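Only one chain is shown below, in structure tokens, and it's the form predicted on its own.
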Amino acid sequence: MRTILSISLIIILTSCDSEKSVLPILGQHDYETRTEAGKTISDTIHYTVPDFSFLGHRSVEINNNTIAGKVTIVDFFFTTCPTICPVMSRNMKKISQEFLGKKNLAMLSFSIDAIHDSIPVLNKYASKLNVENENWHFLVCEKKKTFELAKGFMISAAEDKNAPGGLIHSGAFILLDGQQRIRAYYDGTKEEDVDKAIADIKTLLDEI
């Protein structure tokens, strides 16, 4: 038996006005049944994001172990993006500054342009943003793996010759808990969504 939450339901659940709302666990869940003392017990196996291993802008490998046990905020972007990426990066920096020095928060920005966004390019991009948070990583890997990973986060990323910059991607910020379960989505271009993300990050950090 499987339960699939639609994106519309995700938006409804994550747009609650309460400052300390209980965050749902999103994605496709599996269920296992077992018998104990003659009783049938059903256990929920929550969806977690796929395994990944990307190179970060500091030339260090970043993978699932890097974020194990940490609250994590994720976005997908590319450095030459002429549309939403500059706004998203500024908003990620706002989150970064809010939690500067917090070791239990990781930030991952996955580039979807492996051809242009080399490690030196990503390093320059981070420097231009004046990134101070050592837990914010700008990551790159081959195109196919990056697009597949985006699917694993339940968002879109793809080539499109008709799109500005030749690539399309979601503007979502994705919030993971310490078990790498998806807990919320936010519009990374909207100030009110970024403020909600900050409040929800605080909620999850309090649970660690």
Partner chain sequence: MKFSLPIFFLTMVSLMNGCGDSNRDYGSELYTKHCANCHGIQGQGLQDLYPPLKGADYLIENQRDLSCLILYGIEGEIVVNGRSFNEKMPSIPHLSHVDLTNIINYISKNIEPSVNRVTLKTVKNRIYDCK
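Positions refer to the first chain, counted from 1. On a predicted model such as this, the values are computed, not experimentally measured, just so you know.
Keep in mind the form predicted in complex with the partner chain is missing from the figure; the text below concerns it.
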| property | result |
| --- | --- |
| 4.5 Å heavy atom contact, Thr83 and the partner chain in the model of the complex | yes |
| Partner proximity in the model of the complex: Leu129 to the partner chain, non-hydrogen atom cutoff 4.5 Å | yes |
| Interface membership of Thr79, the partner chain in the model of the complex, 4.5 Å heavy atom rule | yes |
| Partner contact for Tyr125 in the model of the complex: the partner chain, 4.5 angstroms, heavy atom | yes |
| Site check Val87, Arg90 and Lys93: each within 4.5 Å of the partner chain in the model of the complex by heavy atom | yes |
